[in-house]
Ligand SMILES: NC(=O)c1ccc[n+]([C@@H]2O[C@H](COP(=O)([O-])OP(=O)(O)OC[C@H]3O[C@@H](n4cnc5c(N)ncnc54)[C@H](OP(=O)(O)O)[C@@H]3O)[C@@H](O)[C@H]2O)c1
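Below, in structure tokens: the form predicted on its own, a single chain.
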Amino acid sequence: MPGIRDKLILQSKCGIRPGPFTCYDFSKEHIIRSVETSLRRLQTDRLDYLLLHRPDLLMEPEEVAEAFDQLESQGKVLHFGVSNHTPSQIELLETCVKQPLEINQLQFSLAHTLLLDAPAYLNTTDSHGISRDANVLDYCRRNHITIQCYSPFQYGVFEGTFIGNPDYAQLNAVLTHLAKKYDTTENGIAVAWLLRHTANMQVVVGTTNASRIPGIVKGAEITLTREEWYELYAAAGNKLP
């Protein structure tokens, strides 16, 4: 349909190379090749956003900067960001990259709350007070970097969803109660919980089940009370000091 491209925001990531073992690649050649491949597959002339997917331990910021400059000057990428990067890794990139890094895509859900846990346990001896994320949430807020939450219905990395999972019975009981109250689904409430956070995050739904979408959309329109937000946080197994 003519004109539909201008109504879409297309985002892609690059950096992980397939093979018999995990390999990350932020070389200029790989970044540009990845974008060209994405453009061909999407049958478009540009990406609105390109993210660097997980840190390349052999990253050379100068190469990344050259790739970004070329892609921007050619009009093939309009905006840039990262995924799973710490504050110091972002700052290292920024020593060479001129374009603003506008997004940091991070795993965050009711059953994966590492972005919140350590600050809540500051000045205690509880193991939850150990920082495992370098305070990336606060850093992104200070620097106006949008956090995109991926795996919003998952626990762990690849283990599965907490929705309807008997191992999360208390959490599901609260989700179901609130879903009935707000006339939505458990998935919708899980999204509402993420969006209630004052960092103004975006949620990467990642579902291939179209029947879940209406509830999720409804969840984006719900503003949970402070008490409901904390009730869900506690039901997920989190105890505040």
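Keep in mind that what you see is a predicted model, and the values were worked out from it rather than measured. Residue numbers here begin at 1 and follow the sequence given.
Just so it is clear, the following notes concern the form predicted in complex with this ligand, a form of the same protein that is not shown.
Joint contact, H79, Q99 and H197 to this ligand in the model of the complex, by non-hydrogen atom at 4.5 Å: The answer is no; none of H79, Q99 and H197 reaches this ligand.
The unique member of R212, R46, K181, R33 whose heavy atoms fall within 4.5 Å of this ligand in the model of the complex: By the 4.5 Å criterion, the partner-contacting residue is R212.
Which of 24-32, 173-181, 37-45, 53-61 lines the interface with this ligand in the model of the complex (heavy atom within 4.5 Å): Checking each option against the 4.5 Å cut-off leaves 53-61.
is_contact(Y168, this ligand) in the model of the complex, heavy atom dist at most 4.5 Å: Result no; Y168 lies far from this ligand in the model of the complex.
Y139, heavy atom within 4.5 angstroms of this ligand in the model of the complex: Heavy-atom contact with this ligand at 4.5 Å: absent for Y139.
Contact test in the model of the complex: Q89 vs this ligand, heavy atoms, 4.5 Å: Result no; Q89 lies far from this ligand in the model of the complex.
Distance check, A111 to this ligand in the model of the complex, heavy atom within 4.5 Å: Contact with this ligand, no.
Sequence-ordered list of residues in 157-173 near this ligand in the model of the complex, where near means a heavy atom within 4.5 Å: If the 4.5 Å heavy-atom criterion is applied to this ligand in the model of the complex, 157-173 yields F158, T161, I163.
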